[in-house]
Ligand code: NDP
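Presented below, as structure tokens, is a lone chain in the form predicted alone.
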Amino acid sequence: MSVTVFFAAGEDRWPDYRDHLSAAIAEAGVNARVVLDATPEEADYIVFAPGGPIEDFRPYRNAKAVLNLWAGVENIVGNATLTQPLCRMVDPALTAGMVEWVTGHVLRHHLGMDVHILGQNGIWRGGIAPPIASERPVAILGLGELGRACGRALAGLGFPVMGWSRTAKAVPGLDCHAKEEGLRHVLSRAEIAVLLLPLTAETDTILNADRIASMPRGAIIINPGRGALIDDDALLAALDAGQIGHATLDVFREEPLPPSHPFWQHPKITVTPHIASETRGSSASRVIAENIRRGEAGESFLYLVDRRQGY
């Protein structure tokens, strides 16, 4: 018997997934048709991303799971019409992309590359030597799949990496902390802070004026997590005052970032357009296919979202 997989993630994404998803599901041993349009009665699984055709999930009573294309689920987890199991995306390629982006920008700021890349002008700027990695404390806020992977990569380069999460976790090679006192401890020592927390009621504006002020003067903030983790006005004030040396931001409260937003013109802010880690159709399709296989086999879904925690 064939199952129907409704690709409700937007027509613009369909070309990247149509062939990959059908092939991955077939390889997983499931007889399925993947369609861009399906009636509520037909849909056995829903592949979802914000901006797609579904906002009300109530008609889809037959759907066994909603499979999110993104690692973050803040745009769907609070939807009161969603009663089906919800799975977030945990994709090895997405994780690898995030590790590469974070490592690149940490090294950029650690080595002071901008001095030579952006400010040559015929001037020989010798005699500038950064500390070695073991002398540069780095904090990773968020110890989920992405945070752990980034922390391990940076620790492998010699950085002393502190990790923080809302609940206590142990990650080999990382100095892990939790709760408010742990956050204070980590931020007070972090010369570079990387934000990889999910966006929940507890993490919204977690980096506020008070916590930014607790960081070492001239510290670097790198945010590939969620835009609302940071108080924008507090960040701008801290940059202007020299409390924060630079902020590299990949995510924002409003996306695309409006052309009039002060982040664009600020000399101490680097804006990247939510590219830290893209979901890739070829690899994400295999994750989706495995969860469909599990659903058909009566096994537990991977990466099931805890609605109470919000991720």
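Every value quoted in this text rests on a predicted model; they were computed, and no experiment measured them. The first residue of the shown sequence is 1; numbering continues from there.
The discussion below concerns the form predicted in complex with this ligand, not included here.
Chemist: Based on heavy atom distances of 4.5 Å or less, which listed stretch (43-51, 25-33, 245-253, 58-66) is in contact with this ligand in the predicted bound form?
Modeler: Selected range: 245-253.
Chemist: Taking any heavy atom pair closer than or equal to 4.5 Å as contact, tell me whether Trp164 reaches this ligand in the predicted bound form.
Modeler: Residue-level check for Trp164: yes, a contact with this ligand.
Chemist: Looking in the predicted bound form, any heavy atom of Arg211 within 4.5 Å of this ligand?
Modeler: No, no contact at 4.5 Å.
Chemist: Does this ligand get within 4.5 angstroms of any non-hydrogen atom of Leu197 in the predicted bound form?
Modeler: Yes, contact at 4.5 Å.
Chemist: With the partner left out here, check for me: in the predicted bound form, does some heavy atom of His266 sit within 4.5 Å of this ligand?
Modeler: Outside the cut-off, so no.
Chemist: Heavy atom within 4.5 Å of this ligand in the predicted bound form: which of Val171, Ala71, Ile76, Ala133?
Modeler: Exactly one residue meets the criterion: Ala71.
Chemist: Which one, Val106, Leu143, Cys87, Ala190, lies within 4.5 Å of this ligand in the predicted bound form by heavy atoms?
Modeler: For this set of options, the contacting one is Leu143.
Chemist: Only counting heavy atoms and a 4.5 Å limit, does any residue of 82-106 reach this ligand in the predicted bound form, and if so which ones?
Modeler: In sequence order, Arg88, Leu94, Met98 come within 4.5 Å of the partner.
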